[in-house]
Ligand SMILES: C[S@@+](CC[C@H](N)C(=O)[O-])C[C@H]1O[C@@H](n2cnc3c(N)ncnc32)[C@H](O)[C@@H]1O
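A lone chain, given as structure tokens: the form predicted on its own.
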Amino acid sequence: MSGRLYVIGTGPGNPEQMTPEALAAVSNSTEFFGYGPYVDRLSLRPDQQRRISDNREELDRARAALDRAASEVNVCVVSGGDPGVFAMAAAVCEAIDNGPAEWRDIDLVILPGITAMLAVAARIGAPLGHDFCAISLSDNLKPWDVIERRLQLTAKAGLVIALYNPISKARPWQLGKAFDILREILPAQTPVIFGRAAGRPDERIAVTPLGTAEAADADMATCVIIGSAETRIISRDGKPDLVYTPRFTAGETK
């Protein structure tokens, strides 16, 4: 007999963008494991307990949550956005894969959420309207040369690219280097969308051509979307521009 382990995402930060399924999981859970700012988004009852850890302690957090679920406690592991996109669902699965046999018997429920690139895209139009990919610029868990190669190949393949973890105090140079790599492949006028805190009061959405895009316009709360060679901008009098990628393609980017 074990408890249930929910893995949820709070969405991009707007309470209205958290799914009813995730809210029900919160109501059914006793203990909550997560990074402080994400857990703080929840309205917890006095009988519900917070187990806060640093944002870079994902695997330890997953193991601690699994231990508690194995002790017949209903546990909720909290991510921002969608828990399966650069978030805690993978850490929980990794812990189960390498952990004791009893963890495989835990009732695991992973619930989808709204991830940052979807929130940013919806605020600007439909830049993800055709084929796209998501790449984390963090080299904490993979070598930078792998990231460089993926950027080159996806740009050459004509994919729109959503960049997560674009810049931080510990990693101040990666986004600028990514722009340099992409400028060698994509047209200078390719739209770059800087979507910070989409849907929250401190939201900032800006569009700039790749040729003049500056890494300083992003921080860790920003999701950066780089269009393909076919991504278009629609100007509208008195209203914000729309950015979209057509559902058809003229051919592979050379």
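Each residue number is its position in the shown sequence, starting from 1. Please read all numbers here as calculations on a predicted model, not as lab measurements.
Although not depicted, the form predicted in complex with the named molecule is the subject of the following passage.
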> Using 4.5 Å between non-hydrogen atoms, is F132 touching the named molecule in the predicted bound form?
Replying inline: no
> Is there a heavy atom of G227 no more than 4.5 Å from a heavy atom of the named molecule in the predicted bound form?
Replying inline: no
> Does R51 make contact with the named molecule in the predicted bound form, using a 4.5 Å heavy atom cut-off?
Replying inline: no
> Just to confirm, C76 within 4.5 Å of the named molecule in the predicted bound form by heavy atoms?
Replying inline: no
>> Please tell me which of A87, L151, L128, A95 lies within 4.5 Å of the named molecule in the predicted bound form, judged by heavy atoms.
In response: A87
> 173-181, 116-124, 153-161, 68-76: which one contacts the named molecule in the predicted bound form at 4.5 Å, heavy atom to heavy atom?
Replying inline: 116-124
> What residues, if any, in 159-197 have a non-hydrogen atom within 4.5 angstroms of the named molecule in the predicted bound form?
Replying inline: L163, Y164, N165, P166, G195, R196, A197
